[in-house]
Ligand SMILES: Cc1cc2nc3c(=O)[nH]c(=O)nc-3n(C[C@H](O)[C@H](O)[C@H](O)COP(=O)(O)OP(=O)(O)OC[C@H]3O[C@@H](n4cnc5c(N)ncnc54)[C@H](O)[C@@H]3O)c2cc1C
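Shown below, as structure tokens, is a lone chain in the form predicted on its own; questions about how it binds or moves come after it.
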């Protein structure tokens, strides 16, 4: 009798259980059922809704579904641990778990480690400032705000989307506090004239003091100092000056962009390691044409789906599809009762069309709910998630050699 050996299933490893990583895991596990072992590595067992962390920071309840729940009936495996090193030569990843260090082998890897907080070179920020880049950071801020008394000063540094959403959320939830938004630029400089005007009106209505063209020089426990030497009371300081990509790609010796994101070609493959695909905040296409594909949930989901599709195509011997994407709008929450929907072009340039007020808030809330719904829908009907401009490649003809000049 001849023994018939079952062919080894392809091993697919996904690093990072955020929006990009979970969608990629579900999409691949369902569509490769019986042909691949799909494992998701994440440093915690639950899913963090990062687009709602400003709500968590003011004490609101934010759902944190378990990753096991999101992956149920997909066949995917969850490994709770922190990836500490990628060895592209041996195709292994070192993972620190509660039981010890593991070496996990892969045939294909999806790098979906996103971004987090990082202390800028400003004195006192690491010691005295809060952030909302992680669930833990948001909870610490909520605890500190809970200790504040009427009239205490809260300073939010940075007027990007995170700073705007956090400052307005605090102002609405705690009208007894004095909230200041500090920015080295102009409020709403990346919005249209109509969008900037609407944002300014919302700040006025919520009594948020906006200090434009004011850079932060240092932070202390109950004060801050500006670059021009002015000292301001600040019983709570929150740093919202930007996110930093996960450092694992660079520390593992993989090609990265100047800011540390994993450098990808037009098919979302790591340059020099085509068995590694990328998605989410921690990656970037290595070409000037793709600079508008910024960090955020709005890009993470399409990147996760596209990376999954190209892993599947590689396993099946099919042609890979170049990544295409286009923006439609920026959705900004301004507390629970106000919102701002800024219409943008496909390359994220603001247009004059805006939606504000309660309707804007309802649309923003609908978008936030859609993110979790998209993961659930993909689990039930794999391959259904889609996005604008997906079939219009950003880099239709770029090769790895042509992209090398953009690697930092």
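Residue numbers count along the first chain shown, from 1. In this text, all values refer to a predicted model and were calculated from it rather than measured experimentally.
Omitted here: the form predicted in complex with the named molecule. The next part is about that form.
- The partner is absent here, but in the model of the complex a heavy atom of 113, alone among 181, 113, 286, 268, sits within 4.5 Å of the named molecule.
- Interface residue among 257, 295, 273, 78, judged by heavy atoms within 4.5 Å of the named molecule in the model of the complex: 295.
- In the model of the complex, the named molecule sits within 4.5 Å of a heavy atom of residue 82.
- Not displayed here, the named molecule is approached by residue 280 to within 4.5 Å at the level of heavy atoms in the model of the complex.
- Contact annotation: residue 364 falls within 4.5 Å of the named molecule in the model of the complex, judged by heavy atom distances.
- The named molecule in the model of the complex is not approached by residue 36, whose heavy atoms all lie more than 4.5 angstroms from it.
- Segments offered: 376-384, 27-35, 342-350, 53-61. Contacting the named molecule in the model of the complex at heavy atom distances within 4.5 Å is 53-61.
- Contacts between stretch 12-29 and the named molecule, counted in the model of the complex as any heavy atom lying within 4.5 Å, involve 16, 17, 18, 19, 20, 21, listed in sequence order.
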